[in-house]
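Take a look at this single chain, the form predicted alone, given in structure tokens.
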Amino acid sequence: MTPETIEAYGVRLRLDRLTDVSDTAAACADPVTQRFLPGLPDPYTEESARWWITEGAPAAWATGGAAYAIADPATDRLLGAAGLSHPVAERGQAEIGYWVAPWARRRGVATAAVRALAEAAFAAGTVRLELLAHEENTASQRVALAAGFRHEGVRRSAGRSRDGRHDLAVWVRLADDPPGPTARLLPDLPEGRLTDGVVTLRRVAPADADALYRLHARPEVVANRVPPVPPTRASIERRCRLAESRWLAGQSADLAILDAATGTVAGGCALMYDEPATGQAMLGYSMLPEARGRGLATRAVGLVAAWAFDIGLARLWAGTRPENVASQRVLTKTGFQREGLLRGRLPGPDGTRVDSLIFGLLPGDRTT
């Protein structure tokens, strides 16, 4: 069992007290806390907080878990909460969870608390800690990375919210994992963007759904999708909502291409990190009709390629259908070299198969 008080990394983890009632109620009534912790009462009142302090938290301890208030060591004021739940003794496993009050966010409180509690849990014999987060809760996933957890996958429909069920991102830390933050396969863009003054690339956001649906629903873009089926509006909205989560997991860097002069979305570009073990990623891109023929795609691909090699990738590859001459022109202008034809590689319409031309780019090949 972990100790009743843990003090490390600038935070204090201690037992809840009745003097925490008003702060607990205010923090747990916060819309962000409510959104990502749907099991909390709504509305969350001081009576709810009192129940947690007198009954809920003691029950967590009694069942082999832990429930701590996160407090400021200097003032002892409540900053949040952290705990262990769902212990599986025979596996040496538990789930770690936390929330941070609005007045304590963006100060590293959550990372400090998770690190401190994880170390205490490992010292007490736990071998594996799981941190489960709503896929849209990217702040929590950034805490997981900063606290040394690694992305392990997704549990489909494992979470529930007030309007249905949702997937949970699974982050795991083992007792013998190295200390410190987890190195990211795909770091954030420098200052949040790439630009050459003509085009700008930034991470896809939920507000991009309209433009990206218009782009990916176009017949000529659908023809190059895998499989060549028009996307639903819901699938594009989901892609935009989860872009940051998939970036943090090291799966893909999903980018909106903007006309730098107007700030409007001109197209999309995605870097799929398909082979981390070999340092290889796939690049794909498409442009809206009004942005074509202006060299914007070539500029965008050049910017992404430069960033990819800067963060340590060794090779980029891209595939096009043989008849997609415009896309091949973009690749060759950027320095990609044609490497071969894979016959029948991709699914085509009505059960057919289509060929794919493969292009590759090494760091020394770049021309833009």
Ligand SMILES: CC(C)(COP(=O)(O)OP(=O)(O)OC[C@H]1O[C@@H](n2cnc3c(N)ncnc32)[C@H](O)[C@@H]1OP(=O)(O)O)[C@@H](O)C(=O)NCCC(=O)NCCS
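Numbering starts at 1 and follows the sequence shown. Note that the structure is a prediction, hence the values are computed from the model and not measured.
Note that the form predicted together with the named molecule isn't included here; everything after this is about it.
The chain is drawn here without the named molecule; in the model of the complex, the stretch among 208-216, 287-295, 226-234, 101-109 whose residues come within 4.5 Å of it by any heavy atom is 101-109. When contacts are judged by a 4.5 Å heavy atom cut-off, residue 326 does not count as touching the named molecule in the model of the complex.
Interface residue remark: residue 142 is counted as part of the site for the named molecule in the model of the complex, having a heavy atom within 4.5 Å.
When the named molecule is considered in the model of the complex, residue 307 lies well away from it, no heavy atom lying within 4.5 Å. Contact between residue 137 and the named molecule in the model of the complex is found at the 4.5 Å heavy atom cutoff. Out of the listed residues 311, 59, 32, 341, 32 is the one that sits within 4.5 Å of the named molecule in the model of the complex by at least one heavy atom. A heavy atom within 4.5 Å of the named molecule in the model of the complex is found for exactly one of 84, 258, 71, 133: 133.
Applying a 4.5 Å heavy atom cutoff to the named molecule in the model of the complex picks out no residue from 175-200.
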